[in-house]
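Just one chain follows, in the form predicted on its own, and it is written as structure tokens.
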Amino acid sequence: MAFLNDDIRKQITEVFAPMKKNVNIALFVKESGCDSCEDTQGYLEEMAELSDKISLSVYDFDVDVEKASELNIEMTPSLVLLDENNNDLGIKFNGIPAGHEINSFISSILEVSGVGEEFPQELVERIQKIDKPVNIKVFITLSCPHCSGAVSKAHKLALMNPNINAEMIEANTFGELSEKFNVSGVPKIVFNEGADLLGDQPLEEFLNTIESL
């Protein structure tokens, strides 16, 4: 079963063309108890074929325990984007990054590869001043057109400051987690498992919330 048709493949290949540095994807799946693991692996294999700068490594969550612990993997399917030297940049997707989330997935790959959006110096300075550990969870659904923007902002913050890690969480796939954080609308953005925002908020609102933690 192909996840991407020929037109989409051609478009994504063109989008990936400016990539400067290699990007390594580490995907964690398991054989039982993970309904979307097989689809996620197939989807990522097709995406990785569209650029010679993208490589995919697949790990078994139940077998590769040390690797899962190293990359703070707690659920499946889950994937992290690593730089060309396999450094963890704090960018994670929990659940298949398909539907509208293909946009945040592609955006994050480009950012890691060195092709990214430039921010005003004032925002850059605010981001660089963050000196405490910050975890950002962005709950999404694949049909949500506004969610990918929130995920991309969270991942950009993680890329710009090593104190920040950010993760997309597909709300329907991880229902118990969604209930724990009272997710009734998406995107819901949770900071350090406490303060939250609803909707695709401006980057300034992300920073205001982080600075108030």
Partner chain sequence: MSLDFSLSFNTEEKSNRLDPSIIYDTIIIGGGPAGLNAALYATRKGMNVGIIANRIGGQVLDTSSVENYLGFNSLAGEELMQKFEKHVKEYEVAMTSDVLVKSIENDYIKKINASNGKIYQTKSIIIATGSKPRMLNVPGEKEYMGKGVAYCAICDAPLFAGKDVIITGGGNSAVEAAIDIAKIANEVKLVHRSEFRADKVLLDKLYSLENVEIHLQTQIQEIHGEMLMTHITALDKKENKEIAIKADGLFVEIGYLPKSEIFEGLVEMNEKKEIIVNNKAETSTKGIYASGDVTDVPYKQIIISAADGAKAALSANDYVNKLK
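Being a predicted model, the structure only gives us computed values, none of them experimental. Numbering follows the first chain given and starts at 1.
Only in words, not in the display: the form predicted in complex with the partner chain, which the text now covers.
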| query | finding |
| --- | --- |
| Non-hydrogen atom within 4.5 Å of the partner chain in the model of the complex for each of Glu14, Ile106 and Asn182 | yes |
| Selected contact from Val186, Leu27, Leu50, Ala68, since only one has a non-hydrogen atom within 4.5 angstroms of the partner chain in the model of the complex | Val186 |
| Partner proximity in the model of the complex: Leu159 to the partner chain, non-hydrogen atom cutoff 4.5 Å | no |
| Contact flag, Ile127 vs the partner chain in the model of the complex, heavy atom cut 4.5 Å | no |
| Pro120 within 4.5 Å of the partner chain in the model of the complex, heavy atoms | yes |
| Exercise: Tyr43 in contact with the partner chain in the model of the complex, heavy atom 4.5 Å | yes |
| Interface residues of 131 to 151 toward the partner chain, as seen in the model of the complex [heavy atoms, 4.5 Å] | Thr141, Leu142, Ser143, Cys144, Pro145, His146 |
